[in-house]
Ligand code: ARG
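Just the one chain here, the form predicted alone, laid out as structure tokens.
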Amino acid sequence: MSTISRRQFLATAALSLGTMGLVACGGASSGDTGTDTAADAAAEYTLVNEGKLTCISNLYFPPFESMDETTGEPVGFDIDVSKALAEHMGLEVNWLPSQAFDSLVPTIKAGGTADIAIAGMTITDARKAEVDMSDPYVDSNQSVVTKVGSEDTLDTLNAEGKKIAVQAGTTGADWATENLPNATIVPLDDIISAMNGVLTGSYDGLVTDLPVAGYQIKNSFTDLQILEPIPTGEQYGIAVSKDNPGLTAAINQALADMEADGTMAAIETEWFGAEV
């Protein structure tokens, strides 16, 4: 379990397949439009589409990623991070349609569809066994969410007949399965469905990432509450194929550059009101 850093957050489908021709890309070929340090981080890496950083995510995890109802375009903290990554690497960003969270790692592992998955994804040993994970760029914890006025406690939620919603394939689902073994854990495709289910009484509670719960309760689900924050000390990373180590190196360099030049601080301020 990682130690919480200064960036700790407070208690606050079908895919359109891209062009399959993989093309070699490196510092020399992409450095003209990006920063030299990011472009020169690796001698060579491959991209699904030449000149583009193709990204996948579950686009129903605000504030990290969601769909703008007016434009139909993806927006969020991770979306802005991906744009900045591409810019620092001398590339354009290319977002594919939303897909189930638990399909992201298998898709990156299989290759040929997307270059990275950036999805509020916790770095875990299990995921690192399947794909490369970038250096961490966000710290997080878990939380238990209930409806305002609920008399449930963490103890009473761990009982037969209680239904706890989670997003399938997440560390929140893992925590709920391990720590609420007597309850029925209900995996769902996205966190918005889970929150709506708690709101309507279909589920007694929800386990999800603390920053997401805090943001949603403040901005949309004001009739829900954080029953209890769970200090799991998680860190988010970006998934890359193990067959593409040069891309992982270039992304890590770009993340370091973004931290050093203030880009990451600006994105944090845009989405959270301050550097976090």
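Note that this is a predicted model, so its numbers are computed, not measured. Sequential numbering from 1, following the sequence displayed.
FYI, the form predicted in complex with ligand ARG isn't displayed, but the following is about it.
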### Partner contact for Tyr236 in the model of the complex: ligand ARG, 4.5 angstroms, heavy atom
yes
(message) I'd like to know if Arg127 sits close to ligand ARG in the model of the complex, meaning any non-hydrogen atom pair within 4.5 angstroms.
(response) yes
With a cut-off of 4.5 Å between heavy atoms, is Val198 one of the residues that contacts ligand ARG in the model of the complex? no
Examine Gly120 and determine whether its closest non-hydrogen atom to ligand ARG in the model of the complex is within 4.5 angstroms. yes
Contact check in the model of the complex: Phe61, Thr171 and Asp209 versus ligand ARG, with a cutoff of 4.5 Å between any heavy atoms. Do all three pass?
yes
The stretch from 148-156, 68-76, 163-171, 109-117 that lies within 4.5 Å of ligand ARG in the model of the complex, judged by heavy atoms, is 163-171
Taking ligand ARG in the model of the complex and a 4.5 Å non-hydrogen atom cutoff, the residues of 67-101 making contact are Phe101
